[in-house]
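Just the one chain here, the form predicted on its own, laid out as structure tokens.
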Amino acid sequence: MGSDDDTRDRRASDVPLDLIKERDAFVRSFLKKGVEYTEQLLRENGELREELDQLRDDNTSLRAQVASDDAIRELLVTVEELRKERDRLVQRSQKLEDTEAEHAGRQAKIEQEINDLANLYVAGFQLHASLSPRRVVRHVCDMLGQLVGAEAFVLYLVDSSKTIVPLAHEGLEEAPSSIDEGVGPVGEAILTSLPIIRERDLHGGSIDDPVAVIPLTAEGRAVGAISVVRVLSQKNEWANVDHELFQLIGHQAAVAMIAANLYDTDKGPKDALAGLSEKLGS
């Protein structure tokens, strides 16, 4: 019997050489494919890790985006609430402005009414504040200039011959002349006891065509008239108080002048009142 080495050599020599090569080639091929497969697995694993990392980043970004969207939505809700509150405040402010404007208008109207009443009070008081004929006429002229705003005017009286004579005048270049009853606007106003008041062109009047004629009446009869030839340049129309002043002067001026004229012939208030009780008792 041979040795074991001889036996192993003989067995190896019994195997064909090409099979050994094929085996080695198979082993090398198998190992190579294993290596390639392992490398492919490693690459795929790396790619999966990268995709996982990307997904994690995307997830983080999405979480941040969702949080940002929630914040934006909350911000939009807050902005909408603020806009509604702003609209409510604007509406309230507008109502307050309207109310304030209304109150201001009412206050201005009240102040104007108080001013008008003050003018009427002053006019009525001044007409009867004196029993001097000269002062009564002076008061009438002051009222026309200061309260009515007349720049040029004439105060007429009817004398015993029924001729209308100028008693006082202001703002005229020439002295006015007497007028026959029923002639012109002044004569017509005295004849009818009705005022003649122009509502337009208050600056273009003349003696023959005044802008206003107010008859002065006593016990329903015209005893004179006020002729407003033109008004001040800043006055473009008659105010309500002007018409009331015309009415007050028309009814009170003649009475004041009559009282002052009668009183002027007496020696004092006691003499002027002499016999009054007897007349009231009769």
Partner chain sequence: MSEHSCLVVEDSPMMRQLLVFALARIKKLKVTEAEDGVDGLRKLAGGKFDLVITDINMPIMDGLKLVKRIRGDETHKDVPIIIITTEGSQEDRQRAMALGATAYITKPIQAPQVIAKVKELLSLE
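Numbering follows the first chain given and starts at 1. None of the values given here were measured: they were computed from a predicted structure.
FYI, the form predicted together with its partner chain isn't displayed, but the following is about it.
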| item | value |
| --- | --- |
| Heavy atom of Glu188 within 4.5 Å of its partner chain in the predicted bound form | no |
| Contact label in the predicted bound form: Met143 to its partner chain, heavy atom within 4.5 Å | yes |
| Contact label in the predicted bound form: Ile114 to its partner chain, heavy atom within 4.5 Å | yes |
| Leu157, heavy atom within 4.5 angstroms of its partner chain in the predicted bound form | no |
| Residue among Leu62, Leu41, Leu55, Leu232 with a heavy atom within 4.5 Å of its partner chain in the predicted bound form | Leu232 |
| Listed residue that, although its partner chain is not shown, lies within 4.5 Å of it in the predicted bound form (heavy atoms), from Leu172, Leu194, Ala118, Leu75 | Ala118 |
| Stretch in contact in the predicted bound form with its partner chain, which is absent here, among 105 to 113, 177 to 185, 195 to 203, 81 to 89 (heavy atoms within 4.5 Å) | 105 to 113 |
| Any residue of 125 to 141 that, in the predicted bound form, places a heavy atom within 4.5 Å of its partner chain | Phe125, Gln126, Arg138, His139 |
